[in-house]
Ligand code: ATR
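Read the single chain below, which is given as structure tokens and is the form predicted alone.
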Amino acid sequence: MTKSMASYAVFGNPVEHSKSPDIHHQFAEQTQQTMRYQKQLVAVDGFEMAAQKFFDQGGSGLNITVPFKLDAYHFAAQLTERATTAGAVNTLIKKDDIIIGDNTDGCGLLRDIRDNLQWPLAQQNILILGAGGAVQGILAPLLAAKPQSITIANRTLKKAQTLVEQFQPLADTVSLSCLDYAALDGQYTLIINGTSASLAGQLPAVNSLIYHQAYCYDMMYSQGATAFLQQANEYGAQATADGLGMLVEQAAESFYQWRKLRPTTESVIASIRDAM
């Protein structure tokens, strides 16, 4: 790494599929920034050593993907409020020789749904499928958007109950509750799939009637419609979208934290979509 050019990277395992270099190269060109951005495959048990080496050699920031978001959380010397709330870090920022951990997933989701798709959030009845780390990362921003209610549904109800207990203090006027898949029969205006199952062609065992006239969002993305979105369309969803916009929006927030410039995202989302 040369000191004359700021260096960034995405750490993951696997990481070959990552679209982050293309996204950030487009951001850099758009904002006329001179910077390097690469992807790096990191051994499953080698995150701390790899991250320390990256920053020791002059690196300025990292994006973190699976399976290292918890490793990055523990690696950071300081945590932002949203990283603390999410319990995971997807962005590391070097500032005054201090490594700060942030989480941009939640605001990325919100910007895609609210600004790009222009779907309603305030006073809506939201259903979230899944109770893993991806869902934990988006709950605080969703609660702040002041929906009428958020219901977390999961195959294992105990995991959903744990999230409800953790985030109840942030719920304020929002009704936050959980159900198992079999108990879902309510009217939801927005359904968010926070599981990765649909990419493997698998679907949660939910009543298909829940999709009717709902906005349906899959946090995963693929070249064609995911299995979740296929089913949502089949059963009369009002509109559907995958998580490609979220990917670009969370990257834009990372870029802003590093460079203090906010890139526009519409053309980048379209470019990545076309390349798929």
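Please read all numbers here as calculations on a predicted model, not as lab measurements. Just count from 1 along the sequence shown to find any residue number.
FYI, the form predicted in complex with the ligand isn't displayed, but the following is about it.
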Among the candidate stretches 112-120, 192-200, 94-102, 79-87, which one is within 4.5 Å of the ligand in the model of the complex when only heavy atoms are counted?
192-200
Wondering, does residue 130 line up within 4.5 Å of the ligand in the model of the complex on heavy atoms?
yes
Spell out, yes or no, whether the shortest heavy atom distance between residue 159 and the ligand in the model of the complex is within 4.5 Å.
yes
Is residue 134 close enough to touch the ligand in the model of the complex, meaning at least one heavy atom pair within 4.5 Å?
yes
Using a 4.5 angstroms cut-off on non-hydrogen atoms, would residue 186 count as touching the ligand in the model of the complex?
no
In sequence order, the residues of 169-192 that place a heavy atom within 4.5 Å of the ligand in the model of the complex are 181
